[in-house]
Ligand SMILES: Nc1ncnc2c1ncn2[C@@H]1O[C@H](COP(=O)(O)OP(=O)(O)OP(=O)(O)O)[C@@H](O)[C@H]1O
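Shown next as structure tokens: one chain only, the form predicted on its own.
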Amino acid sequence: MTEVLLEIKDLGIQFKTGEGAIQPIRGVNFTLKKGETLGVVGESGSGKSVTSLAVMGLLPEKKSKIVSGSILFNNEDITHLNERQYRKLRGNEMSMIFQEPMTSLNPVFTIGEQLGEPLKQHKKMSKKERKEAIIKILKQVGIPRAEQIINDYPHQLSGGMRQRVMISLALLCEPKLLICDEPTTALDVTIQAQILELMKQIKAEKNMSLLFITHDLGVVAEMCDRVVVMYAGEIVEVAEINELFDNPLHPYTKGLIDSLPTNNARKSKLYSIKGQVPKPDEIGKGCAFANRCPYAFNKCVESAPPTFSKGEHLSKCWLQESDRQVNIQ
């Protein structure tokens, strides 16, 4: 049986606002195995990035707090570590590639200076050894002229090059867990394909675990072994990648798949899910998706569904109740 690297149990996160406390993450549960790529998908506002920031210990300290559940990394509870303890993990045991490399890289430091920082923090190396390690990782992620690039500033590089720098920054200390938060959103399709191929190659070489956060189901199909579908701060479906596409059990997942443009069928109008993801303070006592769901009935509005399972395929939907099996295909 494959060992679990990351386990999130019943995670609840609360934020303070000017109008009172809200809870954008409610009862999130999932596991990530060693060497696995797990996709986390959902629309903007579903809670994907907030969950990943909680794992990294990067939630805003005074405005947010974990109010329930736990985060286990390598069988150790890291839910309430202090900043000093988290610094030992970040960059060394776990790393994150953020959405926009231009805002993630510091504009006033050279590429070499920024890549050298995690090596100073976590590795006992001389200045010469650090420079050699930086040049080596830049070449590994496909950056030409690495010896010159280390003296450049972020604004001197293209978007694709900056994203490769971000990947090299995340990989420098060979972490066990790499969190990728929409890593190819701002890139054109050819660069996106190169970056995804590069990440698959590095993951295989280092046997890392990837937590891949995206709204793009096409990227999920290309990269992931299993998928977690999030909606309005909770998980509504978990399945192996092929099972999810072939047999979605939750109407929200079905809607996401139907929204994909297909090459073999030209439609006059693309499908879209009606309505919007509700804000945390707008969610009632029933299913959060009920007001957008074409299959909703009275029970969906009156009470929140539990998680039903078909083997390892999990779905949080009343349609999966044994006496009310509905084919949503």
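Everything numeric in this text was worked out from a predicted model, so none of it was measured. Start at 1 with the first residue shown and count on from there.
We do not show the form predicted together with the ligand, though everything after this point is about it.
- Under a 4.5 angstroms non-hydrogen atom cutoff, the ligand in the predicted complex has K63 among its neighbouring residues.
- Taking non-hydrogen atoms only, E43 approaches the ligand to within 4.5 angstroms in the predicted complex.
- When the ligand is considered in the predicted complex, K48 lines it closely, a heavy atom lying within 4.5 Å.
- The ligand is not shown here, and in the predicted complex it never comes within 4.5 Å of any heavy atom of G12.
- Taking the ligand as positioned in the predicted complex, the residues of 10-26 that bring a heavy atom within 4.5 Å of it are, in sequence order, F15, T17, I22, P24.
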